[in-house]
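Only one chain is given next, in structure tokens, and it is the form predicted alone.
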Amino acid sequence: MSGVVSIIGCGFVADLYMTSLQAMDGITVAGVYDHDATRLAQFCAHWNVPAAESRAALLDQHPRDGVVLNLTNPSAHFEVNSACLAAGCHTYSEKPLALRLEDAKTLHASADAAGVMLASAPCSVLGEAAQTLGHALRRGTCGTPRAIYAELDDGFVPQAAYKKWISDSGAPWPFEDEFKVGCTLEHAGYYLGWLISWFGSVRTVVAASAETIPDKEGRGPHAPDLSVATLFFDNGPVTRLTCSIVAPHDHRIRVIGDHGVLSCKAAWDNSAKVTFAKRMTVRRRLMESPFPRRLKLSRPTHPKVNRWGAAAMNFMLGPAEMLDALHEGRPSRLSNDFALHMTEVALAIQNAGEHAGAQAMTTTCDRMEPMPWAM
């Protein structure tokens, strides 16, 4: 792989992208910009990358066969994405594309009109764990999938030592933004991306969301810190998805099929084990095997990041996929439609509140082409 990226935003997550970049051969950074001059200088000195004088200068100098990474705070996503697209740049945005569906649709239309790619994080859908699960589904390993349970619960985060969470170049974890944007918009995309890539469009979302800890630190108002959604796909099984910063840490996904259960326990680890537990009857007791079989792909997959936790995810798989698509003259797996649909579903869950009921989706997205090594 090869290509050029430019970066807007040098906060906490930008260091995760740079750590991932060290595992990728051939991708270079053309320039970096942040409105905070001190943070920009600190970041560029740490990673030895060039700083741009302004956002306009960065976009003007950015190679048109490269990708701009929008790693700013969520409240700035719409404005920054709009500027990137107006400059004719292929754009990869941190999640979500925008905080309002109307704005996300505007970005989608702008990208189509400009003939450029607009993708959204997260990109774990391109990782080994997600692709291994997708491969097992296509092969019918668990039989017909009947239901999926997916959990993105992060523990009781308001009591965590989050002020001690500092990135490699010295950026603090942005707890105010995290609490204001909410765990659903921040995290639901990890499993929504996997699910939409396997089954295509979500037809209807039935969800509820709530703020269970109203006295979180930082200026409010705060977003819901717990959500539970039931997703109905046009061509897939009914799925329950939970997100919270309240319940004990649990990042499992379980695909329940006619023959047994496919499982993965760590959404953020590209190398997480994928297992299959066959269903059986032992002395009249129906159960899944206590000794699940690990599933592996037969070919080498993608570069791994030698870290743990969230940093174990290769954040550069998304930009690399876009660069490969540009080089090969093909559509990107992380399509404009994919980004918009994932944003719509996440917003429907986030905004469900206590009495929202069922909400029909207005956007669509095809299933994703598997990575070559997962065919």
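Keep in mind the model is a prediction, meaning the values are calculated, not measured. One-based numbering along the sequence shown.
Beyond what is shown, the protein has a form predicted in complex with a small molecule; the following relates to that form.
S.K.: Given a 4.5 Å cut-off on heavy atoms, tell me which of 34-42, 60-68, 339-347, 318-326 is the interface stretch with the small molecule in the model of the complex.
M.R.: Every other range fails; the passing one is 34-42.
S.K.: Quick one: of Pro303, Pro292, Gly257, Pro74, which gets a non-hydrogen atom within 4.5 angstroms of the small molecule in the model of the complex?
M.R.: Contact check passes for Pro74.
S.K.: Report the residue, out of Phe233, Phe78, Phe276, Trp173, that has at least one non-hydrogen atom within 4.5 angstroms of the small molecule in the model of the complex.
M.R.: Contact with the small molecule in the model of the complex is made by Trp173 alone.
S.K.: Honest question, do Pro145, Glu151 and Leu262 all end up within 4.5 Å of the small molecule in the model of the complex by heavy atom distance?
M.R.: None of them does, since no heavy atom lies within 4.5 Å of the partner.
S.K.: Does the 4.5 Å heavy atom contact test between Tyr190 and the small molecule in the model of the complex come out positive?
M.R.: Yes, Tyr190 is a contact residue.
S.K.: I'd like to know whether Lys95 contacts the small molecule in the model of the complex, with contact meaning heavy atoms within 4.5 angstroms.
M.R.: Judged by the heavy-atom cut-off of 4.5 Å, Lys95 is in contact with the small molecule in the model of the complex.
S.K.: Is Glu128 near the small molecule? Define near as a heavy atom within 4.5 Å, in the model of the complex.
M.R.: No, Glu128 sits far enough from the small molecule in the model of the complex that none of its heavy atoms falls within 4.5 Å.
S.K.: Is Asp269 close enough to the small molecule in the model of the complex to count, meaning some heavy atom within 4.5 Å?
M.R.: Asp269: no, not in contact with the small molecule in the model of the complex.
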